[in-house]
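Take a look at this single chain, the form predicted alone, given in structure tokens.
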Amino acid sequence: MKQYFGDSYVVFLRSMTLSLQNPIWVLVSIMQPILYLALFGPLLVQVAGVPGFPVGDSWQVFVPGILVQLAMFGSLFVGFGIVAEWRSGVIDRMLVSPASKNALITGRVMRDVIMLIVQSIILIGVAFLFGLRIGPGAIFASLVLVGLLGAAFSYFSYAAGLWLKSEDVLAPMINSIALPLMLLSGILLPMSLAPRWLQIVSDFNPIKHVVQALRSVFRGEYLNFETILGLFLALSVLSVAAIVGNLAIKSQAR
């Protein structure tokens, strides 16, 4: 266990160093959510409170969805990096080292979560300029939920990258997964406005419940059913994703 954490930290430092050497990607990934805030957020001010609209003001409804969108798309695309490292031989050299195989994935996920949290803080700060008002507890709780979700998507993305080993296959697969998850989560439009059959389908989407949990903590409701369910599902998805990611890296060592 001590070796696992030590090796994970070494891989984290390497991955973080590479990211800091190319900060443009961080800026590019945060620009799209900020544009959503600027271009789409003000439209919701006019519909807040109408029948079917989630509880809370427009920013308490919209910003949690944007945070989840940032976690999804920012983390799902990290698999492209591990495909490039596999092609250049970096993964093979790491696999023959005495380092823990699980740490080779965990260290990268740690880097992704730190980057995601920094981006989320920036996004929340910008949202304050538009009119968002939440307390420090809500900010902390939202960062925890977003971090858990981001870590889960990172594990899945790395696993897919290691198994597929092709950007041409990975890209359409990610889009085919991310788009339905986003549309059925109520990020852009509340699912209460959807037909009954679509609402039932969306109930099986764990991302929807994480979005609802985030909206609850933004309203200051930390211990209600929605928040607890969202936290439980985020932890469950992360547990499954970690198992899948570790199986993927171990399969490359055979």
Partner chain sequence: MPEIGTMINVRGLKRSFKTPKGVIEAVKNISFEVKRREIVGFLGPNGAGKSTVLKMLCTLLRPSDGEASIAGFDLLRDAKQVRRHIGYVSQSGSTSPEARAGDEIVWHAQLYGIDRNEAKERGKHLFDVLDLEGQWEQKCGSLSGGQRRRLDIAMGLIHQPELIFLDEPSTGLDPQSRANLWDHIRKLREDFDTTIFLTTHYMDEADALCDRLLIIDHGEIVGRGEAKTLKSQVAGDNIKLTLRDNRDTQKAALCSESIAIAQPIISGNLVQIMVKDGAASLPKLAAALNEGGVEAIGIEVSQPTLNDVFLSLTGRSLRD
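If you're wondering where the values come from, they're calculated on a predicted model, not measured in any experiment. Positions refer to the first chain, counted from 1.
Not on display, but discussed next: the form predicted together with the partner chain.
Participant: Quick one: find which of 160-168, 145-153, 96-104, 112-120 has residues within 4.5 Å of the partner chain in the model of the complex by heavy atom distance.
Facilitator: Looking at the partner contacts, the answer comes out as 96-104.
Participant: Even though the partner chain is not shown here, does Ala241 get within 4.5 Å of it in the model of the complex, heavy atoms only?
Facilitator: Judged by the heavy-atom cut-off of 4.5 Å, Ala241 is well away from the partner chain in the model of the complex.
Participant: Given that the partner is absent here, does Val11 sit within 4.5 Å of the partner chain in the model of the complex, heavy atoms only?
Facilitator: Yes.
Participant: Looking in the model of the complex, any heavy atom of Leu235 within 4.5 Å of the partner chain?
Facilitator: Result no; Leu235 lies far from the partner chain in the model of the complex.
Participant: Taking heavy atoms and a 4.5 Å cut-off, does Ser88 contact the partner chain in the model of the complex?
Facilitator: Because a heavy atom of Ser88 falls inside 4.5 Å of the partner chain in the model of the complex, the answer is yes.
Participant: Would you give me the residues of 1-29 that have any heavy atom within 4.5 Å of the partner chain in the model of the complex, in order from first to last?
Facilitator: Counting only heavy atoms within 4.5 Å of the partner chain in the model of the complex, the contacting residues of 1-29 are Gln3, Asp7, Val10, Val11, Leu13, Arg14, Thr17, Leu18, Gln21.
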